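Presented as structure tokens, the chain that follows is alone, the form predicted alone.
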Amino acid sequence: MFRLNAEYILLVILTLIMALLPVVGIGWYTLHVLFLFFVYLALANMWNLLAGYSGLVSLGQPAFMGIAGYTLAMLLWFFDTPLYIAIPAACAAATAFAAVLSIPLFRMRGFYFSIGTLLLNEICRVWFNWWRPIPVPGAPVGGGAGFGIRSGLSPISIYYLALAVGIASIILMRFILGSKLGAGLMAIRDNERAAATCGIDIFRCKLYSFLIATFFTGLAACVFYLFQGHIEPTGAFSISWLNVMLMAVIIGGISTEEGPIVGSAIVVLLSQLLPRYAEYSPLILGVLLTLIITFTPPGIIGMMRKTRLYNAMLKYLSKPIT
């Protein structure tokens, strides 16, 4: 049964504030940074669902993002599909792709599963670098040049889409973790053999989490490419997308609901600050990650949960309002 508590009220208040920012005329740079935060948040939440709660360290999420983005571009260019149909269809295509691949991938365990998913990114990049559809007047030729994505939406409308996706990812995580699926996933993560002994369907739980994460990852990708207005293989299947997810979850705290939120904010902040240091930015980022992994392995939220003040705040926020 749904119980109203301070957490939901705080989420509603913050959502309303974010929604009112374009109305009050805040600068576009700030909206752009918030747009990136919402997209990164959705990506981080879905990777946290896989790695943090399901024990599936998938390194192939950029492949699913690229499939969704290319499907969206094809539907808009070649079939003139309405956007409200094209976006769900693009996410469904990425999910179907993941469903087919889950059969061989789930036969792998641990490190081998991660390597198997990592190869998907390079395979997709090579394929789309080569693939050229039938030319259409006014459309790019495909291949390495990629395709334009014409949506007809204003940047503010896309900002609202990103806001909706980011907030939906938070609500979805809360719903999943409070369900039988979430309990089964955490049992599988902790001890797969014991979970199987208790009657948990290992394959079904993993498959559900894998497909849910893929669908929402594809949704975040569609919103991003609508804003960017273009998709090409090198960027679409780039390992940099995986870096964003890993950094946000590791810095914020894996296996925590708050971790991806804090981690995504830090990753967006770093993405705006580090380019100023040009060639030193990878070194700075590497040192930062090394320090976090060495001194705070549970991440920022993991460390904060060891303090009484933070636990008291969580207890207050989760208390039902009568």
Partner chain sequence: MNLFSPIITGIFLGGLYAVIGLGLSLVFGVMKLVNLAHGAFVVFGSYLGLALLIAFGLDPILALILIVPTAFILGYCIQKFLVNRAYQLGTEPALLITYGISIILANLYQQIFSPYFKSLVTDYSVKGLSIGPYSVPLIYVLDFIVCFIAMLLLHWLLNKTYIGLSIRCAVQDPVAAKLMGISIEHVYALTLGISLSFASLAGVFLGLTFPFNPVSSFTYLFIAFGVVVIGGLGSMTGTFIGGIVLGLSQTLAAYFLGIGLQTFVGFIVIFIMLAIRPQGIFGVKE
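The structure presented is a predicted model; accordingly, all values stated were derived computationally and were not measured. Positions refer to the first chain, counted from 1.
Although not depicted, the form predicted together with its partner chain is the subject of the following passage.
Screening 65-73, 262-270, 289-297, 34-42 for residues having heavy atoms within 4.5 Å of its partner chain in the predicted bound form returns a single hit, 289-297. Of the candidates 108, 156, 85, 194, 108 is the one whose heavy atoms come within 4.5 Å of its partner chain in the predicted bound form; the others do not. Contact with its partner chain in the predicted bound form, judged by any heavy atom within 4.5 Å, is made by just one of 226, 165, 91, 247: 247. Put simply, residue 242 is close to its partner chain in the predicted bound form: some heavy atom of it is within 4.5 Å. Put simply, residue 81 is far from its partner chain in the predicted bound form: not one heavy atom of it is within 4.5 Å. In the predicted bound form, its partner chain sits within 4.5 Å of a heavy atom of residue 120. Although the partner is absent here, residue 27 lies well away from its partner chain in the predicted bound form, with no heavy atom inside 4.5 Å. Contact check for 116, 126 and 283: all three have a heavy atom within 4.5 Å of its partner chain in the predicted bound form.
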